Ligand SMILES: Nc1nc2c(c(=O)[nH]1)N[C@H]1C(S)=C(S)[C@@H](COP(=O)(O)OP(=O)(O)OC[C@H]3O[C@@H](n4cnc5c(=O)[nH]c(N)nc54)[C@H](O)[C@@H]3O)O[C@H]1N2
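Just the one chain here, laid out as structure tokens, in the form predicted alone.
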């Protein structure tokens, strides 16, 4: 028996709080996984579905982008991956009757959790101008509405085409092709909000904006530094790789403002010993102050330079550029400033240095804790400096490891979803399709919102995702979206973005990863690229949630035919019938995809894309070498009586998708409006554990933003720091508060004051 979705919106402002846990996974994770899966899918469907997750003949998990080993476990998924699969393979349905019963005003007042729990959308839905309710519409009418609005634009640059990281390579390639044939490079994507800082820093320093390590490198490393990342919640399968590395002798340093259960101990549910005893992972926990990472790595670099024989002088001489300028900046690093910026002790940093000097093969992994600050790009450049000093790029067991979130966010960028495409990519695209792509840069996420706000963009098309829920400055973003003439969302399930619409709106329901995809030429599969540059196939095996669904490639192809009409010579109909024909074109446009279809057939587990720094120690930068960089050390400064807030996910959450109202590892149950504060900081502010407070962000321009009704939870955070969940706290981050160079929202360093209040 499958449970019905919640009938009413649950109260979210009275959470129960228990002490945080100190181990991740284990039997509780197994039990919670089965409970969620069976509630959404039932017993038989749960077994049929989960046994196909991440298998060579199965489908790619729609959750994170962590890679699979060649030899795969029968249960090749984690707790959060199972939740993502269950939500997509649910038996719950959102039919036209649901929309008839719930006007837009009602949907707008529902929580994201409630919306997501209603189930799969079954038919295309249309909101006419001035209407209160979505109504069922044919696919032909839906594409006619899109064509009408796009053709009426004064310029193609008044349209925005957003892409979520769950979009397949094939659909992403078609979407960017359509956008460029239409005449715009306005291709914002979720990378703009997460790892854009990583790509900006890595492209400049090593010549490619991707990580340089493989799964096998992690297993071979002597030292792994995990900075600004919580794998226990966000990438749980990474814990298995860390466990294997530890068994082989690796040591692990965790750098994080919060203690994270998964990095303390991992109880591997795939082995009896793991379930019973578990493996301690972290050898040294550096509880850093938010935003202090650049200062930490800068001082470590100074100390390496000051240690005789510590620098790999041959590597530096043969493969790097800018060493002299870098060393001058590094040698100026100051102990007192570093201790103030990081909140660490001298002894902790000296212990970290000992571990660094003892390692011949070092990997640095990071995620949003490093990428979402004003100074994120120079921080990641400093990480690269740290690795270059000892020759730790292009060596087995060593390198840079930005850990991506969504399952194909890296692949979408590889396919050309980028507002600032390389001229060589556009040249290849134009040659292949006989088109003339625009050469001027398009708009990223933040600039897209600004364009909607200012009336400069009029049509918004989203391939997946929850744009309104994921972006900063909630009130400004929602007002901007409502100024659009048309908003279109290609979706499997409901989210906040469907309730915040332009004058007209469309919801186009699509097949998910778990769904069987049959087109005119037969059963199809799509491909994805994981966080380490491996490309593999994904094949759904479940009957589609409704006979009215279209695949993402089919939606793009039909939209292109409706909009471009006879002026397009691109074989859109052929692409819809047979995805192999899309892959043939990708092979001729995108470097590294030669013989795409043949390589997939010969390698059921997938194949690795070329990576010059990793494979050849060749660095395709402007200088032809890996670039050392020098930048002033930056870190947030917090006035007296204020705290530095980071936004984060709960354990029952993936990005903006809320699976439940618990955060098991942090001891939070039945609520999300909580703020985690060190007991001494809370006491100094006169706030008792359990008190309610408004979070008020303060910015240098004098502006303030308020998120009301958060329960204070005493928690062992770094002193002077606090944490709260997004998207509830997105309202606190101004649209203009972004990282230098990358323009990523600075959601991890928000100066706030806490004003006592009542529950929201």
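Positions refer to the first chain, counted from 1. Just so we're clear, the structure is a prediction, and the values are computed from it rather than from any experiment.
Same protein, other form: the form predicted together with the named molecule, not shown, and the subject of what follows.
Colleague: Quick one: 490, 552 and 655 and the named molecule in the model of the complex, is every residue within 4.5 Å by at least one heavy atom?
Modeller: Yes, all three are in contact.
Colleague: Just to confirm, residue 41 within 4.5 Å of the named molecule in the model of the complex by heavy atoms?
Modeller: Residue 41: no contact with the named molecule in the model of the complex.
Colleague: Is it the case that residue 162, even though its partner is missing from this view, gets within 4.5 Å of the named molecule in the model of the complex, heavy atoms only?
Modeller: Within the cut-off, so yes.
Colleague: Using a 4.5 angstroms cut-off on non-hydrogen atoms, would residue 363 count as touching the named molecule in the model of the complex?
Modeller: No, residue 363 stays farther than 4.5 Å from the named molecule in the model of the complex.
Colleague: Spell out, yes or no, whether the shortest heavy atom distance between residue 406 and the named molecule in the model of the complex is within 4.5 Å.
Modeller: Yes, residue 406 lies within 4.5 Å of the named molecule in the model of the complex.
Colleague: The named molecule isn't shown here, but in the model of the complex which of 414, 186, 501, 233 has a heavy atom within 4.5 Å of it?
Modeller: Selected residue: 233.
Colleague: Within 4.5 Å of the named molecule in the model of the complex, heavy atoms considered, which of 392, 256, 200, 338?
Modeller: The option sitting close enough to the partner is 256.
Colleague: Look at the stretches 507-515, 681-689, 317-325, 153-161 and give the one with heavy atoms within 4.5 Å of the named molecule in the model of the complex.
Modeller: Among the candidates, contact is made by 507-515.
Colleague: Along 468-484, which positions have a non-hydrogen atom within 4.5 Å of the named molecule in the model of the complex?
Modeller: If the 4.5 Å heavy-atom criterion is applied to the named molecule in the model of the complex, 468-484 yields only 470.
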